[in-house]
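A lone chain, given as structure tokens: the form predicted alone.
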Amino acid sequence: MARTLLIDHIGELTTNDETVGEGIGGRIADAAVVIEGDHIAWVGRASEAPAADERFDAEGRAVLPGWVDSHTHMVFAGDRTAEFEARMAGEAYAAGGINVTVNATRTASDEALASNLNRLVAEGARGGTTTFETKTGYGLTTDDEVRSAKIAGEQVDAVTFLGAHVVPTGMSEGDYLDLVTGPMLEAVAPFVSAVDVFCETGAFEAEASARVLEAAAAYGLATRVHGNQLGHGPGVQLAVQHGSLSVDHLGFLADADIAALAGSWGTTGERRGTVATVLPACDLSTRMPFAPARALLDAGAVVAIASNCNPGTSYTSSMGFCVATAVLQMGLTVQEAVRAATLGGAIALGMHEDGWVDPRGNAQPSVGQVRVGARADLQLLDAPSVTHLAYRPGMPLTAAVWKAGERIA
């Protein structure tokens, strides 16, 4: 039998399971958790905890699920400091800077790309992230997109094909769409679980975006949409119409968009619909309007928070920073933001139920919750409550991290 670990004297345990705890987040005071192998074997009051092979004393500090970062672009090379500096001096953000990273990524070695990805994953893990999605999209040739997907699959939990990021220099949109929805998709499909499209002016308009989503569905792949980042557009409506797992960014929403996202979940609370993924650090870095996370939650939408870690518009892997920003700038409570950055991200990735398959072909327990049977992904804060994530913004509060039962930080 797998060895067991008891984590006890937890001052506040956030479970994201309202059947076992109180309020949003299903919080339990004076709690304990037992890990057996890679999964949670027991959750409850510390006074009722069973014996285990090993014990870790949380000393009254808070424990919560590991962050689930459901939107990143971490397979890249190069630097866009000059673009950031220009933006801070007042230049508006546009999608054109993506090609700067494309040029650098194409010329980088596999080893350099893997090393940079490893650095970013390690940074995120030290801050409590235990589940990572990342996208291709900085290669934009068949060979480069395939190698990006393969490199990502060695280190992260979910890989998304974003060949439809921008049209690369020197190609027409029609020719590139033929490639992205044909030979490129066929080549990359074995190495990814989803397909994304940047549905924006300057990238791909509605008709082209719909073609990408339809091609993905024909391969049996899930879909996501970058939408409504730079202005009002069709991204949300396309995502809902195509049953996409998520639509991400969402700085410019009409009432009809909010209603569509909320309505995609029906009225019975089933976990099938399109998640509204907000990216607070990106909104800050691009000086764009914050996504209306408060209005989305109030309408009944399912919201996720992610880092959007990338070299141009959100060069951070700190989910704690994103949570604090969502509380301080977007009107969420701490408990709502924590839920969005854990269980919300898991739902956006289709990982909230047991049996999802990682890029190595392994079936995995659910993530984003602390419940019996879930993957043992936990973080310990050097604070008595998750409230300190926003109460003490910017402070390195993560004291310990376990992924699949193994301590990684």
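Sequential numbering from 1, following the sequence displayed. The shown structure was predicted, so the numbers you read here are calculated from the model rather than taken from an experiment.
This next part talks about the form predicted together with a small molecule, which is not shown.
A heavy atom within 4.5 Å of the small molecule in the predicted complex is found for one listed residue only; from 274, 223, 228, 310, this is 310. When you look in the predicted complex, the only residue of 261, 98, 332, 216 with a non-hydrogen atom within 4.5 Å of the small molecule is 98.
The chain is drawn here without the small molecule; in the predicted complex, the stretch among 318 to 326, 72 to 80, 103 to 111, 118 to 126 whose residues come within 4.5 Å of it by any heavy atom is 72 to 80.
Using a 4.5 angstroms threshold between heavy atoms, residue 93 counts as touching the small molecule in the predicted complex. Contact annotation for residue 339: none of its heavy atoms lies within 4.5 Å of the small molecule in the predicted complex. Residue 204 falls outside the set of residues with a heavy atom inside 4.5 Å of the small molecule in the predicted complex. Although the partner is absent here, residue 138 sits close enough that one of its heavy atoms falls within 4.5 Å of the small molecule in the predicted complex.
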